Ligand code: AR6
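Next up: just one chain, as C-alpha cells, the form predicted alone.
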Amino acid sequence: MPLEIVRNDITKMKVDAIVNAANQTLLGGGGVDGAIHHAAGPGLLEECRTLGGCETGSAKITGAYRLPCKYVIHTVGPRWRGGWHGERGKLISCYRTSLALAKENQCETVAFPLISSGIYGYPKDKALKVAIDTISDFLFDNEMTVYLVIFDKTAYQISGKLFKDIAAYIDDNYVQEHTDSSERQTRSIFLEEERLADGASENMKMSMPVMNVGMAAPAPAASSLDEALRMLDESFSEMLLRKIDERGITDAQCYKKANIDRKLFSKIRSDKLYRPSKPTVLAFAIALELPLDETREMLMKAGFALSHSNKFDIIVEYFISRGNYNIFEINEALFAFDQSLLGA
C-alpha cells in the first residue's frame, strides 16, 4: 500500500531510501541518527563532512554505503519548545523536502522514522499526525510507497482520548460468540483469507463466498425482483466500479483515498471475478465513504462480513459509524491496537 506503518529497524529496510533524523552537523548523534551511521559505516560520515551541515526543516541526500538501501536522506527536525516557535511548520518541511528529494532521485520506496519524537521531545501523537497528514498529501499527487517505521510501541502514540474512545467502543461491542472449537475454525478462515490474498491465481478463487463465523451477511434491499437479481449477480469488481461512477470521482481519486496502489486497482478493474482481501474491500468502502449497510453489501460481494467477535471489524465500524473516512487515521488506530491495516 502507498503508506504503511510498520514495526521494524529502519537500518534493515530494503527500500530505495531511508530518512535519517539528523542533527544540524550531519555528523552523527544518538538514537536513529547514531544507528544509521553505525550500520552504514565510516563512508557515510566522510560524505556527510562534505555537505556543510543542514538547516532545521531542510534535507540533504547521500549514498547508503553498507545499508540495504540506495540512499540516505538526512533531515533536521525541530526541537519541541511548547509548540509556539514554528515547530509544526518546520516538521512539515522535513517530510516535504525529504519526499521531494526522493522523487528527484527516482525513488519508488522510502522509509521514515517518526522525526523529532525522540530526544527532540516533539509529542508523539502530534508528531504522528504531522507525519501522516504530510505524507498522505504528497501521495495524493505522486506514485510512491512510503513506510513509517516504528522501532517499538513506546515510540508510537495516537491521541489519548481517541484510544480511550475506541477501547470503550470495543468493550461495548465485543462479544464472545464462539466456543473454543469455533474460535479455532475462525482462525482457520483467517488463514485461508491470507492464502487467498490479493493477486491469487484463478484456481484459488472460490465460486461460493466464505462468511465470517457467526455473522451472516444481510441481503441488500432491492426495489424490484429485477433489481434484486442484478444485485445478486453483481461481482465485487462491478459494484466497486458502479459506486465510483455514482460518487462522481475518478479511479485515481478512489484508489489513492483507499491507500491502494495503481497496479492492484488495474487488476481489479480488468478482472470481473477478482477476489480481494477483506482489508482491501474495507479500504475501498472507506474511500467511497459508504455507510455501514453499503459497506456490508460490498463485503458480501467478496465473501466477507462484519463481526462483533473481531476487534479489527469493530474498530473500522467505530470510524464509519462516526462518519470519519480518513483511512490514514483509521490505520493509525488499527496499528495502535495491533490490528491489520486497511489497503492492499
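Here the structure is a predicted model, which is why all the values come from computation and not from measurement. Quick note: we count residues from 1 along the sequence shown, nothing fancier.
Omitted from view is the form predicted together with this ligand, to which the following refers.
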Candidate stretches 253 to 261, 132 to 140, 115 to 123, 235 to 243, one within 4.5 Å of this ligand in the predicted complex by heavy atom: 115 to 123
Contact label in the predicted complex: G29 to this ligand, heavy atom within 4.5 Å: yes
Exercise: F151 in contact with this ligand in the predicted complex, heavy atom 4.5 Å: yes
Partner proximity in the predicted complex: A35 to this ligand, non-hydrogen atom cutoff 4.5 Å: yes
Heavy atom of A22 within 4.5 Å of this ligand in the predicted complex: yes
In the predicted complex, the residue from I327, I10, L334, A17 that sits within 4.5 Å of this ligand by heavy atoms: I10
